[in-house]
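Let's start with one chain on its own, the form predicted on its own, as structure tokens.
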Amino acid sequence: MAGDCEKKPVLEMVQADGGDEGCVTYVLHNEDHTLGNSLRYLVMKDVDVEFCGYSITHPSESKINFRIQTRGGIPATEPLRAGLTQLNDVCQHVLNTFQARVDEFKGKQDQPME
């Protein structure tokens, strides 16, 4: 039972022994298509990325295998980090825009009708 309570890391890097830093598979735990597809889209926009894709190993497991292959000897961690930063920025923009519209709507509700 003690092993069942063991907490897994959010992100694991899987790489063959002596493998190329430009060809890496990351295992993202507790994630699904929501993160996988959005992150894949942003990472693929990087000109140094040759391939980027993800798979869900099994529907009952909440983890994705996220693979990045780069060209020119660039480590795969660079486009992954850039993609995560861009995705965070996009999400923050959506949240800020939504909150501004909610505040605008509430402000109109407080005004008396003419």
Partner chain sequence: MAATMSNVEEIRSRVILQEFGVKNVHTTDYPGNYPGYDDAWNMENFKKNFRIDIVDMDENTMEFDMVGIDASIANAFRRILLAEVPTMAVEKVFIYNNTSIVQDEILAHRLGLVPIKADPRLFEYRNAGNEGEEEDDEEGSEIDTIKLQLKVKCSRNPRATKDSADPRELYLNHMVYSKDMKWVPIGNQADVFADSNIGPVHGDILLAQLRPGQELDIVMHCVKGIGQDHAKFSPVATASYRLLPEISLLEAVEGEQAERLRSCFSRGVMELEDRDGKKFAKVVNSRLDTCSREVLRHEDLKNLVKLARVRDHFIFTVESSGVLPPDVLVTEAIKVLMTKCDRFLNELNTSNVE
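Quick caveat, the model's predicted, so the values are computed rather than measured. Positions refer to the first chain, counted from 1.
A second form of this protein, the form predicted together with its partner chain, is not displayed here; the remarks below concern that form.
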Is Gln109 a contact residue for its partner chain in the predicted complex, using a 4.5 Å heavy atom cut-off?
yes
Contact of Glu61 with its partner chain in the predicted complex (heavy atom, 4.5 Å)
no
Give a yes or no for Leu28: in the predicted complex, does one of its heavy atoms lie within 4.5 Å of a heavy atom belonging to its partner chain?
yes
Could you tell me if Tyr41 has a non-hydrogen atom within 4.5 Å of its partner chain in the predicted complex?
yes
Using the arrangement in the predicted complex, list in sequence order the residues of 78-96 with any heavy atom within 4.5 angstroms of its partner chain.
Leu80, Arg81, Leu84, Thr85, Gln86, Leu87, Asn88, Asp89, Val90, Cys91, Gln92, His93, Val94, Leu95
